[in-house]
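What follows is one chain in structure tokens, specifically the form predicted alone.
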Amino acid sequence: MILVIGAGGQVGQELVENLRKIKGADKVLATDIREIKDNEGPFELLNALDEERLKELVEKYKVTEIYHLAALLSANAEKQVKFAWELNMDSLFYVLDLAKEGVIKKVFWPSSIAVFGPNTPRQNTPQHTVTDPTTVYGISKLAGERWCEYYAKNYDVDVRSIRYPGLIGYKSMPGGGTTDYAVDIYHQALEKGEYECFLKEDTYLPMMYMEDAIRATIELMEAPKENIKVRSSYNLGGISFSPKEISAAIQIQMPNFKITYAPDFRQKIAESWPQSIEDTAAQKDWNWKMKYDLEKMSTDMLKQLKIIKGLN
């Protein structure tokens, strides 16, 4: 049985759906701190900080594989510093310790481009480089990477990770991250025909369409153990673009769409992150290859959101 912690989040919803298609609906247990509606497989309430409840579910469902997605994201974490650290770190230890004890055979835990900082090379950021995060979220993700590698090297825990760039998908609303403007902009384009962006027009950040991100996650977990050479977290490059460029991609299909700019505190966070990522290690170790560029992603996002919003 596969357990997904944080199944109600942006990544969790689509990951559960895809895993169930591959493994079977009854083989994937979705959990979240809140009820999830329209669930087609087993679901249980789980606070990621409740270690005893986690152990109870693992035993009850005979869980052997965990995707641990629960976390407080970048912008929200800055407002709840101590809670963000507690949630992002303690919950990871609970999962890693179960793997250390041999109960869990394989773990996925997502890291982020937030581990990078102002002294990281901003163009084509390499796999191994300076990591000096300036945000609570980034600090917790960097610490998590180090602990994942520690457990892998010292206890032979099969833990795997990806440094997600900003993720863009149509099945869930923005979740409080700095890169979430690139999700909200499509919603606002269809609903209002305009968007006020909280980043400057020339702010480049690495992004990725959710379909690519989910596929990468599953491909990484399905790869043979001996192929996984990076036990901290793999770089994943994605697409690098600015608010100006994504608005231009939208205007190809919606010529009257307008964008304005009102940078806020998230601008400083964005400026501490890379503008583009190099991911040759992922390509080499488990044959990673991206499918969606900016134009292809924008076309599909608008198409799918029109269906969801009943605008066709």
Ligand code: AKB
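Everything quoted here is computed from the prediction, not taken from an experiment. The first residue of the sequence shown is number 1, and the count goes up from there.
Absent from the display: the form predicted together with this ligand. The rest refers to it.
Distance criterion of 4.5 Å from any heavy atom to this ligand in the predicted bound form singles out T179 from the list T179, N235, S140, S161. With the partner omitted from this view, the residue of L92, L220, L73, I104 that lies near this ligand in the predicted bound form is L73 [heavy atom within 4.5 Å].
Stretch 105 to 113 is the answer when you ask which of 105 to 113, 151 to 159, 80 to 88, 221 to 229 has residues with heavy atoms within 4.5 Å of this ligand in the predicted bound form.
This ligand in the predicted bound form comes within 4.5 Å of a heavy atom belonging to P165.
Contact check for Y67: every heavy atom lies farther than 4.5 Å from this ligand in the predicted bound form.
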